[in-house]
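Encoded as structure tokens, the following chain is the form predicted on its own, with no partner shown.
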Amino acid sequence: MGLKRQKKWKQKKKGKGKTTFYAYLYSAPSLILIGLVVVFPILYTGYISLTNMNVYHWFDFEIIGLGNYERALLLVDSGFLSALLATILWTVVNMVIQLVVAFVLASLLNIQSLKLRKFYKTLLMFPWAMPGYVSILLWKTGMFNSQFGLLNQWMEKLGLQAVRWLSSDVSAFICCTVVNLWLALPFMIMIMDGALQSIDKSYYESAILDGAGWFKRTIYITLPTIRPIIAPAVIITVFTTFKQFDVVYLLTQQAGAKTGSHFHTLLTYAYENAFITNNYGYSSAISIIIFALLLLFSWKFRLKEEP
């Protein structure tokens, strides 16, 4: 009886091994493609970050160890730490404003007595539907241009002097934030609107019967109910905002059209070191640091969400 069980167990194990082998065999093309497209570039970037590759050492570069990382993290005037702080501030400010404005607008759109609600919702989706490149350049030339921009035309009519909106770091930060909100708000409004519509109206009816006002209903019913729905959207938005490149670059740092502002996010700082100063080793080190920061954030969030 024991021999039969042992034989059956061996056959079962052999069958599982064969199934696993065929599973990997069938998945091999996809795994190879993922390795070439995703894994290899990350590993190669990590390797380049340990070298002095630049325009002067394109083929004869040497391994210098952690020198690029030391320059980024320990050298105060390298520009990396200021770009990191600016990126954190950029992410926090944009995220907070997006959540607040999206919640307010979605709440207004869910007022039952509001006429043309569907029309307003469609209208709010237009910025999201437009190509980002087109929207950013329209804002740059149509609104913020110091000579014929709409903002300066309004200021001149009010008897005020024209302003170079993108020339200083603070004003450039504000302008970039406005444009980023224009592009990103529709997505958050859509998610928030769907979350608000999913709440059972009987909760509000019971709260009203108990004498709860709008503020208490929002704190104790609305926010706890929509939190699990909007949490993934918030995480996605944090990632995309932290990695924001096109808004800041096209508005302030575009080659041949720089505005004088030195406001940099990590992505624009890495781009400048890679393609303007051609310091590929240092830029690769910055890219790896960004990758590590995003992995750390993702790991912390997953750990927090585990029961």
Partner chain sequence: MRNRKKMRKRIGLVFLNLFFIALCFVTLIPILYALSVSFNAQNSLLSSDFSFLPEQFTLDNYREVLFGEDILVWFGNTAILAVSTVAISLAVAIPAAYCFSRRRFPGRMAVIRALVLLNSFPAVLSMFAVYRLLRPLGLINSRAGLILVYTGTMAVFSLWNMKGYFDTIPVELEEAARIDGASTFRLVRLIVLPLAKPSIIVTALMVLIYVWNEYIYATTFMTGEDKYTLAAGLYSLQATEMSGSWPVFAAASITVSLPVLSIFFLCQRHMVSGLTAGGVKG
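Each form is matched to the other, and the largest set of C-alpha atoms that superpose within 1.5 Å is called the rigid core. These numbers were taken from a predicted model, which means no experiment stands behind them. Positions refer to the first chain, counted from 1.
Just so you know, the form predicted together with its partner chain exists too; it's not on screen, but the next bit is about it.
- At the 4.5 Å threshold, heavy atoms of Thr141 reach its partner chain in the predicted bound form.
- Shown alone here, Tyr26 lies within 4.5 Å of its partner chain in the predicted bound form, counting heavy atoms only.
- For the chain shown alone, Leu50 is not a contact residue for its partner chain in the predicted bound form, no non-hydrogen atom being within 4.5 angstroms.
- With a 4.5 Å cutoff on heavy atoms, Phe173 does not count as touching its partner chain in the predicted bound form; it lies far away.
- Using a 4.5 Å heavy atom cutoff, none of Val76, Met192 and Trp214 lies near its partner chain in the predicted bound form.
- Only one listed stretch (141-149, 165-173, 67-75, 92-100) carries heavy atoms within 4.5 Å of its partner chain in the predicted bound form, and that stretch is 141-149.
- Among the residues Leu223, Leu85, Ile111, Ile208, the one placing a heavy atom within 4.5 Å of its partner chain in the predicted bound form is Ile111.
- For the stretch 157-177, the set of residues having any non-hydrogen atom within 4.5 angstroms of its partner chain in the predicted bound form comprises only Lys157.
- Once the rigid core is overlaid between this form and the one not shown, Ala292 does not reach a Cα shift of 2 Å, moving by less than that.
- Residue displacement note: Tyr26 has its CA displaced by at least 2 Å between this form and the one not shown (rigid core superposed).
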